[in-house]
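What follows is one chain in structure tokens, specifically the form predicted alone.
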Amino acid sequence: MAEQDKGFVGVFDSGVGGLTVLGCLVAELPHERFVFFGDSAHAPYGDKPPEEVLELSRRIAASLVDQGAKALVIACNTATSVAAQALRTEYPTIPVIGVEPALKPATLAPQHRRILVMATAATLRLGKFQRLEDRWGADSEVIEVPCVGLADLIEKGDPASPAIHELLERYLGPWRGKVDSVVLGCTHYPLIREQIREVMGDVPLFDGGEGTARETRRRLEAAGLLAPDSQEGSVELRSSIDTPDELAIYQRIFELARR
């Protein structure tokens, strides 16, 4: 096995939301070794200027690569929009995979006349989402709902919080019964699927985690970096708030994300 093959897959997000993507990655790639870094000290990224998100992403990526990452997964829609291209330029020898709102599968679903996209204001504002909407949203009415403060509440570690329900009611309640599907445009949002369903009713929810996991497999395979079936997979969780209490929240959220 080549030396680079022995590396790990580095996964990072602004906080706990990327654990939903990590859950999909582990399910798709059970023999890989993963190191997840959540930047909870600076969460959420969606409320920050792009220059700051780029600098934070660069710092995290450099640390993971220096420690032996053979690939990077940006498990954050905002960081993907801001930093993915820069990181691909700066690390041309390793796969850099991002996430994006699952607008494509939503537009390909049988019912796709009106699609609500809930995301951070930054994700909706930046060019990557606008290009995605231009490409796939031509036959649908895409309703953009910036959910300011929602990721921050989820970051506190209680997905069943009444405060989350109140915020969802404020942002999504006016669209209840009026849309065909909801796109979860932030990796934090799959953690509150049940609360979203309570507000929106029985409509399909789309998120990009599984697609990101499949793309990661494809990119690792193409680069000859896929772990052999004989390797035992592992997961290491890290946070920029490096305390036992914070890491316990990460572990609990990760277990929820894998269900």
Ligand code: DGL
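Note that residue numbering follows the sequence shown and begins at 1. The model shown is predicted, which means the values in this text are computed figures rather than measured ones.
One more form of this protein should be noted, the form predicted in complex with D-glutamic acid (DGL), which is absent from this view; the next part is about it.
- The stretch that touches D-glutamic acid (DGL) in the model of the complex, counting heavy atoms within 4.5 Å, is 39-47, out of 217-225, 61-69, 230-238, 39-47.
- A residue is said to contact a partner when one of its heavy atoms sits within 4.5 Å of a partner heavy atom; Val73 fails this definition for D-glutamic acid (DGL) in the model of the complex, lying far away.
- Although the partner is absent here, Ala106 sits far enough away that none of its heavy atoms falls within 4.5 Å of D-glutamic acid (DGL) in the model of the complex.
- Using a 4.5 angstroms limit between non-hydrogen atoms, Thr123 touches D-glutamic acid (DGL) in the model of the complex.
- With a 4.5 Å cutoff on heavy atoms, Leu87 does not count as touching D-glutamic acid (DGL) in the model of the complex; it lies far away.
- Along 9-31, a non-hydrogen atom within 4.5 Å of D-glutamic acid (DGL) in the model of the complex is carried by Asp13, Ser14, in order along the sequence.
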